[in-house]
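Only one chain is shown below, in C-alpha coordinates, and it's the form predicted on its own.
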(Lines give C-alpha, C1' and ligand atoms only; values in the text may rest on other atoms or scores of the structure.)
Protein backbone atom coordinates (compact mmCIF):
# COMPACT_ATOMS: atom_id res chain seq x y z
CA UNK A 1 0.00 0.00 0.00
CA UNK A 2 1.57 3.28 -1.07
CA UNK A 3 0.54 6.91 -1.11
CA UNK A 4 1.28 10.14 -2.90
CA UNK A 5 0.95 13.62 -1.39
CA UNK A 6 0.03 16.69 -3.44
CA UNK A 7 0.76 20.08 -1.89
CA UNK A 8 -1.26 22.74 -3.70
CA UNK A 9 -0.38 26.43 -3.80
CA UNK A 10 1.74 28.79 -5.85
CA UNK A 11 3.07 30.27 -2.61
CA UNK A 12 4.74 26.91 -1.91
CA UNK A 13 6.51 26.93 -5.29
CA UNK A 14 7.69 30.50 -4.69
CA UNK A 15 9.17 29.54 -1.34
CA UNK A 16 6.99 32.02 0.52
CA UNK A 17 5.85 29.41 3.06
CA UNK A 18 7.27 26.09 4.24
CA UNK A 19 5.34 22.92 3.47
CA UNK A 20 4.98 21.34 6.89
CA UNK A 21 1.78 19.51 5.88
CA UNK A 22 3.55 16.98 3.66
CA UNK A 23 6.06 16.19 6.39
CA UNK A 24 3.28 15.69 8.94
CA UNK A 25 1.20 13.46 6.65
CA UNK A 26 4.22 11.35 5.70
CA UNK A 27 5.05 10.73 9.34
CA UNK A 28 1.48 9.81 10.27
CA UNK A 29 1.05 7.47 7.28
CA UNK A 30 4.30 5.75 8.19
CA UNK A 31 2.89 5.01 11.63
CA UNK A 32 0.06 2.94 10.17
CA UNK A 33 2.17 1.14 7.58
CA UNK A 34 1.47 3.22 4.44
CA UNK A 35 4.56 4.04 2.38
CA UNK A 36 4.76 7.47 0.77
CA UNK A 37 6.36 7.09 -2.66
CA UNK A 38 6.10 10.67 -3.89
CA UNK A 39 5.46 14.20 -2.65
CA UNK A 40 4.55 16.67 -5.39
CA UNK A 41 4.04 20.43 -5.19
CA UNK A 42 1.69 22.05 -7.72
CA UNK A 43 0.79 25.70 -8.22
CA UNK A 44 -2.72 27.15 -8.53
CA UNK A 45 -3.02 26.21 -12.19
CA UNK A 46 -6.04 24.06 -13.18
CA UNK A 47 -4.41 22.23 -16.07
CA UNK A 48 -1.29 21.31 -14.13
CA UNK A 49 -3.23 20.41 -10.99
CA UNK A 50 -5.65 18.17 -12.88
CA UNK A 51 -2.70 16.48 -14.61
CA UNK A 52 -1.00 15.95 -11.24
CA UNK A 53 -4.14 14.26 -9.90
CA UNK A 54 -4.39 11.99 -12.96
CA UNK A 55 -0.75 10.96 -12.62
CA UNK A 56 -1.06 10.34 -8.88
CA UNK A 57 -4.21 8.25 -9.38
CA UNK A 58 -2.38 6.15 -11.94
CA UNK A 59 0.52 5.46 -9.57
CA UNK A 60 -0.74 5.39 -5.99
CA UNK A 61 -3.37 3.64 -3.88
CA UNK A 62 -3.92 6.66 -1.63
CA UNK A 63 -3.75 10.30 -2.73
CA UNK A 64 -3.75 13.08 -0.14
CA UNK A 65 -3.87 16.71 -1.29
CA UNK A 66 -3.68 19.81 0.88
CA UNK A 67 -4.55 23.40 0.03
CA UNK A 68 -6.84 25.11 -2.48
CA UNK A 69 -10.19 24.53 -0.76
CA UNK A 70 -11.09 28.12 0.08
CA UNK A 71 -13.72 30.48 -1.41
CA UNK A 72 -11.50 32.38 -3.88
CA UNK A 73 -11.10 31.83 -7.62
CA UNK A 74 -7.66 30.27 -7.28
CA UNK A 75 -8.94 27.57 -4.90
CA UNK A 76 -9.26 24.80 -7.48
CA UNK A 77 -8.44 21.53 -5.74
CA UNK A 78 -11.95 20.05 -5.50
CA UNK A 79 -12.74 21.11 -9.08
CA UNK A 80 -9.56 19.52 -10.45
CA UNK A 81 -9.91 16.25 -8.54
CA UNK A 82 -13.52 15.96 -9.73
CA UNK A 83 -12.44 16.55 -13.33
CA UNK A 84 -9.67 13.96 -13.09
CA UNK A 85 -12.26 11.41 -11.89
CA UNK A 86 -14.87 12.42 -14.47
CA UNK A 87 -17.31 13.44 -11.73
CA UNK A 88 -19.37 16.52 -10.93
CA UNK A 89 -19.30 18.79 -7.90
CA UNK A 90 -22.61 18.72 -6.02
CA UNK A 91 -23.82 21.32 -3.51
CA UNK A 92 -24.09 19.73 -0.05
CA UNK A 93 -26.62 21.28 2.34
CA UNK A 94 -25.07 19.67 5.44
CA UNK A 95 -21.65 21.02 4.54
CA UNK A 96 -23.10 24.48 3.93
CA UNK A 97 -24.89 24.46 7.29
CA UNK A 98 -21.59 23.79 9.06
CA UNK A 99 -19.85 26.53 7.08
CA UNK A 100 -22.58 29.04 7.95
CA UNK A 101 -22.30 28.09 11.62
CA UNK A 102 -18.54 28.72 11.57
CA UNK A 103 -19.05 32.07 9.83
CA UNK A 104 -21.70 33.16 12.36
CA UNK A 105 -19.25 32.51 15.17
CA UNK A 106 -16.92 34.92 13.39
CA UNK A 107 -19.64 37.53 13.26
CA UNK A 108 -20.59 37.44 9.58
CA UNK A 109 -23.10 35.86 7.24
CA UNK A 110 -22.19 33.47 4.45
CA UNK A 111 -21.78 34.85 0.93
CA UNK A 112 -22.12 33.31 -2.54
CA UNK A 113 -18.31 33.00 -2.61
CA UNK A 114 -18.40 31.04 0.65
CA UNK A 115 -20.88 28.57 -0.90
CA UNK A 116 -18.12 27.36 -3.20
CA UNK A 117 -16.65 25.46 -0.23
CA UNK A 118 -19.86 23.42 0.18
CA UNK A 119 -19.58 21.71 -3.23
CA UNK A 120 -18.59 18.09 -2.69
CA UNK A 121 -17.39 15.64 -5.34
CA UNK A 122 -20.20 13.38 -6.53
CA UNK A 123 -20.19 10.12 -4.57
CA UNK A 124 -17.76 11.48 -2.01
CA UNK A 125 -18.04 12.48 1.63
CA UNK A 126 -17.02 15.62 3.46
CA UNK A 127 -15.03 16.13 6.65
CA UNK A 128 -16.25 18.90 9.00
CA UNK A 129 -13.69 21.62 9.67
CA UNK A 130 -13.68 22.48 13.38
CA UNK A 131 -10.92 25.10 13.02
CA UNK A 132 -11.92 26.86 9.78
CA UNK A 133 -14.63 26.98 7.15
CA UNK A 134 -13.50 24.79 4.24
CA UNK A 135 -14.56 21.14 4.68
CA UNK A 136 -12.26 18.35 3.61
CA UNK A 137 -13.39 15.67 1.19
CA UNK A 138 -12.68 12.05 0.29
CA UNK A 139 -13.63 9.77 -2.59
CA UNK A 140 -13.33 5.98 -2.81
CA UNK A 141 -12.99 4.55 -6.33
CA UNK A 142 -11.55 1.41 -7.91
CA UNK A 143 -10.01 0.31 -4.60
CA UNK A 144 -8.31 3.67 -4.21
CA UNK A 145 -8.82 6.64 -1.91
CA UNK A 146 -8.35 10.33 -2.68
CA UNK A 147 -8.68 12.92 0.07
CA UNK A 148 -8.36 16.70 -0.14
CA UNK A 149 -7.76 18.77 2.98
CA UNK A 150 -7.39 22.47 3.91
CA UNK A 151 -3.95 24.04 3.67
CA UNK A 152 -3.58 25.75 7.08
CA UNK A 153 -1.83 23.22 9.36
CA UNK A 154 -4.06 24.02 12.35
CA UNK A 155 -7.05 22.95 10.21
CA UNK A 156 -5.40 20.13 8.31
CA UNK A 157 -3.81 18.20 11.17
CA UNK A 158 -6.87 17.50 13.33
CA UNK A 159 -8.90 16.67 10.23
CA UNK A 160 -6.26 14.24 9.01
CA UNK A 161 -5.90 12.57 12.41
CA UNK A 162 -9.59 12.26 13.27
CA UNK A 163 -11.11 11.71 9.80
CA UNK A 164 -8.60 10.54 7.20
CA UNK A 165 -6.48 8.10 9.23
CA UNK A 166 -9.50 6.19 10.59
CA UNK A 167 -10.94 6.03 7.05
CA UNK A 168 -7.70 4.59 5.69
CA UNK A 169 -7.47 1.98 8.44
CA UNK A 170 -11.12 0.99 7.91
CA UNK A 171 -10.77 0.82 4.13
CA UNK A 172 -7.48 -1.08 3.99
CA UNK A 173 -7.43 -3.81 6.59
CA UNK A 174 -4.21 -5.65 7.34
CA UNK A 175 -1.86 -2.69 7.11
CA UNK A 176 1.51 -3.47 8.67
CA UNK A 177 2.32 -0.85 11.30
CA UNK A 178 5.72 0.83 11.25
CA UNK A 179 7.11 1.85 14.63
CA UNK A 180 10.16 4.03 15.05
CA UNK A 181 12.29 5.73 17.65
CA UNK A 182 14.90 8.46 17.23
CA UNK A 183 17.88 8.38 19.57
CA UNK A 184 19.80 11.65 19.89
CA UNK A 185 23.57 11.68 20.43
CA UNK A 186 26.14 14.37 21.17
CA UNK A 187 29.90 14.30 21.46
CA UNK A 188 30.47 11.71 18.72
CA UNK A 189 30.92 12.28 14.95
CA UNK A 190 28.73 10.58 12.35
CA UNK A 191 31.70 8.61 10.98
CA UNK A 192 32.24 6.97 14.36
CA UNK A 193 28.52 6.19 14.67
CA UNK A 194 28.62 4.54 11.23
CA UNK A 195 31.62 2.48 12.29
CA UNK A 196 30.05 1.29 15.54
CA UNK A 197 26.64 0.49 14.01
CA UNK A 198 27.73 -0.78 10.61
CA UNK A 199 26.24 -4.27 11.03
CA UNK A 200 22.90 -2.94 12.31
CA UNK A 201 22.66 -0.51 9.41
CA UNK A 202 22.82 -3.36 6.89
CA UNK A 203 19.37 -4.61 7.92
CA UNK A 204 16.33 -3.42 5.96
CA UNK A 205 13.80 -4.39 8.64
CA UNK A 206 14.33 -3.33 11.32
CA UNK A 207 16.31 -0.44 9.87
CA UNK A 208 18.90 1.69 11.63
CA UNK A 209 20.15 4.92 10.05
CA UNK A 210 22.08 7.97 11.32
CA UNK A 211 21.28 11.57 10.40
CA UNK A 212 23.47 14.59 11.12
CA UNK A 213 22.11 17.67 12.89
CA UNK A 214 23.66 20.79 14.41
CA UNK A 215 26.34 19.38 16.69
CA UNK A 216 24.54 16.08 17.11
CA UNK A 217 23.63 12.81 15.40
CA UNK A 218 20.15 11.31 15.30
CA UNK A 219 19.75 7.55 14.93
CA UNK A 220 16.39 6.48 13.54
CA UNK A 221 15.40 2.89 14.24
CA UNK A 222 12.26 1.62 12.50
CA UNK A 223 10.51 -1.74 12.28
CA UNK A 224 7.53 -3.05 10.32
CA UNK A 225 5.63 -6.10 11.55
CA UNK A 226 2.42 -8.02 11.01
CA UNK A 227 1.21 -6.55 14.30
CA UNK A 228 2.12 -3.69 16.59
CA UNK A 229 3.49 -6.17 19.10
CA UNK A 230 5.78 -7.80 16.57
CA UNK A 231 7.06 -4.43 15.34
CA UNK A 232 7.66 -3.29 18.92
CA UNK A 233 9.67 -6.40 19.76
CA UNK A 234 11.86 -5.93 16.69
CA UNK A 235 12.32 -2.24 17.45
CA UNK A 236 13.16 -2.79 21.12
CA UNK A 237 15.82 -5.37 20.33
CA UNK A 238 17.76 -3.02 18.06
CA UNK A 239 17.28 -0.03 20.37
CA UNK A 240 18.68 -2.01 23.27
CA UNK A 241 21.75 -2.92 21.23
CA UNK A 242 22.32 0.68 20.09
CA UNK A 243 22.06 1.89 23.67
CA UNK A 244 24.53 -0.80 24.77
CA UNK A 245 27.08 0.38 22.22
CA UNK A 246 26.55 4.14 22.31
CA UNK A 247 24.64 4.82 25.52
CA UNK A 248 27.23 7.25 26.85
CA UNK A 249 26.46 9.66 24.01
CA UNK A 250 22.66 9.41 24.04
CA UNK A 251 21.00 12.38 25.72
CA UNK A 252 17.40 11.78 24.66
CA UNK A 253 14.98 10.49 22.06
CA UNK A 254 12.35 11.69 19.60
CA UNK A 255 11.30 15.26 20.50
CA UNK A 256 13.55 15.66 23.55
CA UNK A 257 16.10 18.48 23.31
CA UNK A 258 19.58 18.85 24.72
CA UNK A 259 18.48 21.76 26.90
CA UNK A 260 15.75 19.56 28.39
CA UNK A 261 18.34 16.89 29.16
CA UNK A 262 20.48 19.55 30.87
CA UNK A 263 17.50 20.71 32.92
CA UNK A 264 16.81 17.15 34.07
CA UNK A 265 20.38 16.77 35.30
CA UNK A 266 20.39 20.17 37.03
CA UNK A 267 17.23 19.14 38.84
CA UNK A 268 18.66 15.73 39.71
CA UNK A 269 21.87 17.27 41.07
CA UNK A 270 20.04 20.15 42.79
CA UNK A 271 22.46 22.64 41.21
CA UNK A 272 22.23 26.22 39.98
CA UNK A 273 23.68 27.69 36.81
CA UNK A 274 24.76 31.13 35.57
CA UNK A 275 25.69 31.83 31.95
CA UNK A 276 27.87 34.54 30.38
CA UNK A 277 27.73 34.71 26.58
CA UNK A 278 29.66 36.62 23.99
CA UNK A 279 29.78 34.88 20.59
CA UNK A 280 26.44 33.10 21.08
CA UNK A 281 24.69 36.35 21.94
CA UNK A 282 22.19 34.88 24.41
CA UNK A 283 21.33 31.78 22.39
CA UNK A 284 22.34 29.41 25.20
CA UNK A 285 20.03 31.17 27.65
CA UNK A 286 17.30 31.38 25.05
CA UNK A 287 17.32 27.63 24.61
CA UNK A 288 17.46 26.94 28.34
CA UNK A 289 14.61 29.33 29.14
CA UNK A 290 12.41 27.40 26.73
CA UNK A 291 12.33 24.57 29.30
CA UNK A 292 9.53 24.83 31.90
CA UNK A 293 10.82 25.00 35.46
CA UNK A 294 14.35 26.06 34.48
CA UNK A 295 14.03 29.18 36.65
CA UNK A 296 14.75 27.03 39.70
CA UNK A 297 18.23 26.33 38.32
CA UNK A 298 19.19 29.05 35.82
CA UNK A 299 19.62 32.03 38.12
CA UNK A 300 21.48 34.50 35.88
CA UNK A 301 22.45 35.18 32.30
CA UNK A 302 24.58 37.92 30.76
CA UNK A 303 25.55 38.87 27.20
CA UNK A 304 29.01 40.33 27.82
CA UNK A 305 29.80 41.32 24.24
CA UNK A 306 32.24 44.16 24.82
CA UNK A 307 35.76 43.43 26.15
CA UNK A 308 35.24 46.31 28.61
CA UNK A 309 32.19 44.59 30.08
CA UNK A 310 34.08 41.31 30.28
CA UNK A 311 36.71 43.07 32.36
CA UNK A 312 34.52 45.32 34.52
CA UNK A 313 31.63 42.92 35.22
CA UNK A 314 33.18 39.48 35.02
CA UNK A 315 36.74 40.14 36.20
CA UNK A 316 38.45 39.05 33.00
CA UNK A 317 42.10 40.22 33.12
CA UNK A 318 42.67 43.24 30.89
CA UNK A 319 45.62 41.57 29.15
CA UNK A 320 43.49 38.53 28.27
CA UNK A 321 40.65 40.73 26.99
CA UNK A 322 43.06 42.53 24.64
CA UNK A 323 44.68 39.32 23.34
CA UNK A 324 43.18 38.02 20.08
CA UNK A 325 40.22 40.35 20.50
CA UNK A 326 39.10 38.59 23.69
CA UNK A 327 38.92 35.17 22.04
CA UNK A 328 41.21 32.86 23.97
CA UNK A 329 41.22 30.22 26.67
CA UNK A 330 41.84 32.63 29.54
CA UNK A 331 38.85 34.80 28.62
CA UNK A 332 36.54 31.79 28.47
CA UNK A 333 37.76 30.54 31.84
CA UNK A 334 37.55 33.97 33.49
CA UNK A 335 34.05 34.61 32.13
CA UNK A 336 32.80 31.29 33.52
CA UNK A 337 34.41 31.91 36.90
CA UNK A 338 33.25 35.52 36.97
CA UNK A 339 29.57 34.81 36.25
CA UNK A 340 29.57 31.96 38.78
CA UNK A 341 30.92 34.24 41.53
CA UNK A 342 28.70 37.16 40.54
CA UNK A 343 25.51 35.06 40.67
CA UNK A 344 26.54 32.77 43.50
CA UNK A 345 25.81 29.77 41.28
CA UNK A 346 27.14 26.22 41.49
CA UNK A 347 28.22 26.28 37.84
CA UNK A 348 29.34 29.05 35.54
CA UNK A 349 29.16 28.57 31.76
CA UNK A 350 30.62 30.94 29.18
CA UNK A 351 31.17 31.36 25.43
CA UNK A 352 33.49 33.60 23.44
CA UNK A 353 34.60 33.47 19.83
CA UNK A 354 34.43 34.85 16.28
CA UNK A 355 31.14 34.28 14.46
CA UNK A 356 32.35 36.15 11.36
CA UNK A 357 32.40 37.04 8.60
CA UNK A 358 34.76 39.79 9.83
CA UNK A 359 37.22 39.44 12.67
CA UNK A 360 39.51 36.62 13.57
CA UNK A 361 43.26 36.54 14.08
CA UNK A 362 46.08 34.36 12.87
CA UNK A 363 45.87 32.18 15.99
CA UNK A 364 42.09 32.36 16.34
CA UNK A 365 40.36 32.36 12.93
CA UNK A 366 36.74 33.15 12.18
CA UNK A 367 34.61 30.26 13.43
CA UNK A 368 36.61 29.79 16.62
CA UNK A 369 34.42 29.19 19.68
CA UNK A 370 35.65 28.74 23.24
CA UNK A 371 33.36 27.30 25.92
CA UNK A 372 34.35 27.75 29.54
CA UNK A 373 32.88 25.96 32.55
CA UNK A 374 33.62 26.64 36.20
CA UNK A 375 32.52 25.05 39.46
CA UNK A 376 33.92 24.73 43.00
CA UNK A 377 36.26 21.95 41.86
CA UNK A 378 37.94 23.94 39.11
CA UNK A 379 37.38 24.74 35.46
CA UNK A 380 37.56 23.36 31.94
CA UNK A 381 37.81 25.06 28.55
CA UNK A 382 36.84 23.62 25.16
CA UNK A 383 37.93 25.06 21.79
CA UNK A 384 36.34 24.32 18.42
CA UNK A 385 36.54 25.93 14.96
CA UNK A 386 33.30 25.79 12.95
CA UNK A 387 32.82 26.50 9.24
CA UNK A 388 29.77 28.26 7.85
CA UNK A 389 27.82 31.46 8.27
CA UNK A 390 27.59 33.73 11.29
CA UNK A 391 24.29 32.17 12.41
CA UNK A 392 25.69 28.68 11.88
CA UNK A 393 28.70 29.37 14.10
CA UNK A 394 26.38 30.72 16.81
CA UNK A 395 24.15 27.64 16.63
CA UNK A 396 27.08 25.25 16.78
CA UNK A 397 28.60 27.25 19.63
CA UNK A 398 25.41 27.15 21.69
CA UNK A 399 25.01 23.45 21.04
CA UNK A 400 28.61 22.81 22.09
CA UNK A 401 28.14 24.80 25.29
CA UNK A 402 25.06 22.78 26.21
CA UNK A 403 26.90 19.57 25.39
CA UNK A 404 29.86 20.54 27.63
CA UNK A 405 27.40 21.33 30.43
CA UNK A 406 25.43 18.09 29.90
CA UNK A 407 28.59 15.99 29.90
CA UNK A 408 29.87 17.71 33.04
CA UNK A 409 26.59 17.16 34.90
CA UNK A 410 26.33 13.59 33.66
CA UNK A 411 29.77 12.74 35.02
CA UNK A 412 29.38 14.76 38.23
CA UNK A 413 29.26 11.74 40.53
CA UNK A 414 32.08 9.87 38.81
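The term rigid core refers to the most C-alpha atoms you can superpose between the two forms while keeping them within 1.5 Å. Residue numbers count along the first chain shown, from 1. From a predicted model like this one, the values you see are computed outputs, not experimental measurements.
What comes next is about the form predicted in complex with a further copy of the same chain, which does not appear here.
Does a further copy of the same chain come within 4.5 Å of any heavy atom of residue 191 in the model of the complex?
Although a further copy of the same chain is absent here, residue 191 would touch it in the model of the complex, with heavy atoms inside 4.5 Å.
Heavy atoms within 4.5 Å of a further copy of the same chain in the model of the complex: does residue 59 have any?
No.
If you check in the model of the complex, is residue 264 within 4.5 Å of a further copy of the same chain, heavy atoms only?
Answer no; every heavy atom of residue 264 is more than 4.5 Å from a further copy of the same chain in the model of the complex.
Taking the shortest heavy atom distance, is residue 250 within 4.5 Å of a further copy of the same chain in the model of the complex?
Taking the distances in the model of the complex, the answer for residue 250 is no, it never comes within 4.5 Å of a further copy of the same chain.
So in the model of the complex, are 16, 295 and 388 all sitting within 4.5 Å of a further copy of the same chain, heavy atoms only?
Result yes, every residue of the spot touches a further copy of the same chain.
If contact means any heavy atom within 4.5 Å, which of 205 to 213, 142 to 150, 159 to 167, 319 to 327 contacts a further copy of the same chain in the model of the complex?
The contacting stretch is 205 to 213.
Though a further copy of the same chain is not shown, can you say which of 138, 311, 302, 234 has a heavy atom within 4.5 Å of it in the model of the complex?
Of the listed residues, the single hit is 302.
Let me know the one among 122, 74, 239, 260 whose heavy atoms come within 4.5 Å of a further copy of the same chain in the model of the complex, would you?
Result of the distance check: 74.
Which residues within 354 to 368 place at least one heavy atom within 4.5 Å of a further copy of the same chain in the model of the complex?
Residue within 4.5 Å: 357, and no other.
Just checking, between this form and the one not shown and with the core aligned, does residue 32 shift 2 Å or more at the CA?
Residue 32 C-alpha, core-superposed: shift of 2 Å or more.
Return yes or no for residue 307: a CA shift of at least 2 Å between this form and the one not shown, with the rigid core superposed?
Comparing the forms between this form and the one not shown, which are aligned on their rigid core, residue 307 does not shift its C-alpha by 2 Å or more.
After the core is overlaid between this form and the one not shown, has the C-alpha of residue 70 moved by 2 angstroms or more?
Yes; that C-alpha moves by at least 2 Å between this form and the one not shown.
Relative to what's shown here, the Cα pair residue 154 and residue 289 differs by 3 Å or more in the model of the complex. Does it come closer or drift farther?
Closer together, which means the C-alphas of residue 154 and residue 289 are at least 3 Å nearer in the model of the complex.
Do residue 210 and residue 38 have their C-alpha atoms closer or farther apart in the model of the complex than here, with the shift being 3 angstroms or more?
More distant in the model of the complex, by 3 Å or more.
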